[in-house]
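Presented below, as structure tokens, is a lone chain in the form predicted on its own.
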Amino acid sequence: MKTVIVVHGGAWAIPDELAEASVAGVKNAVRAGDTVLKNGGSALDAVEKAVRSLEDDPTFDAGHGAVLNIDGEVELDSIIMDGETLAAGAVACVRNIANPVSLARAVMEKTDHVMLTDRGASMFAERIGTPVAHDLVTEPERKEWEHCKSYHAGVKMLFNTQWGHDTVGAVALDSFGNVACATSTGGIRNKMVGRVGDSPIIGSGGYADNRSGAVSCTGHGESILKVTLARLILFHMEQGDSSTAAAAASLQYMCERVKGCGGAVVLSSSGDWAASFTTPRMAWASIKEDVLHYGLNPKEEFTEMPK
């Protein structure tokens, strides 16, 4: 089976000053995940590696660089899912964890549960020896937070006008024919304490099933939750749609039904992939058959040979 990996760095109106760094970040992440696949690693290992790269990059709203809630605190959400077994792990409202995607995987592999939140997730992280991080907040984010301390004002500014710093994710197909997905986010700036969006919710922020494919979503979390976007995309694929057609139809439905914008990276079990979005921009990258594809603006795609 030919390996494939696709990553995104969030669907929103990425400003010009972040455009170059956003593209560079997703290219670095997709190369990291592709290296895992080329060395015979699993799709699960590849999406975790790719998302960790994005969590470590302060350009993105995940891990280092996450946005702040109304109290000026970081609260992180993440999910990872194995398409072979439908095993999944998720964490929500975790703090001081640089790589919540890896904590989500630990929930999947080391507990009998699917999701842990807040205090329980922190207790579990401490028990398994997850390092504590105290450097997740960047100075630019602290300044942005100071300018906008009302949750309602934040939602109006971030999503009604499509200026929402948002979510990272990845999907992959390995040489064994298995797919996986992972999604990670710091959520909405100035969100209420304890707010959880779509990212850690199975079927909304991500889903993976060898019988259809894998999806990682990005965008307005409340809208994505209402239409269970990841599972909706895979439903269309199960009806015979291509990855591109399934993503387009599902994003259009979300726009029409709940007035929500967003994006997704999609991968079928046969290796057909797509990166689609209804926001002004989404940084994305993929590698298939040793060709790196990437883009930022609508209907834009560049290619180069992986380094």
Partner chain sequence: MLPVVVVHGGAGHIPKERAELSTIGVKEAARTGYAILQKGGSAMDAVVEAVTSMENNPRFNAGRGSVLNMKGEIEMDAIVMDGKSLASGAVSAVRSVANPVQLARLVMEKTNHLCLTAEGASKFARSMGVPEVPEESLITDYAKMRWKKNLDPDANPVECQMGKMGTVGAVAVDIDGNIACATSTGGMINKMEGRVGDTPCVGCGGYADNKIGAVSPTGHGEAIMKVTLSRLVLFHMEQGKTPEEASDLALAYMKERVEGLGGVVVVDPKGTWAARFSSLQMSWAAAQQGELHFGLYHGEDFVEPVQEHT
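A quick note: this is a predicted structure, and the numbers were derived from the prediction, not measured. Numbering follows the first chain given and starts at 1.
Another form exists, predicted together with the partner chain; not displayed. Remarks below refer to it.
The partner chain is not drawn, but in the model of the complex it has a heavy atom within 4.5 Å of E222. Taking the partner from the other structure, the partner chain in the model of the complex has a heavy atom within 4.5 Å of a heavy atom of T228. Interface residue remark: D209 is counted as part of the site for the partner chain in the model of the complex, having a heavy atom within 4.5 Å. Contact between L103 and the partner chain in the model of the complex is not found at the 4.5 Å heavy atom cutoff. Contact check at 4.5 Å (heavy atoms) against the partner chain in the model of the complex: none of E17, A66 and H134 pass. Contacts between stretch 67-86 and the partner chain, counted in the model of the complex as any heavy atom lying within 4.5 Å, involve D71, M81, G83, E84, T85, L86, listed in sequence order.
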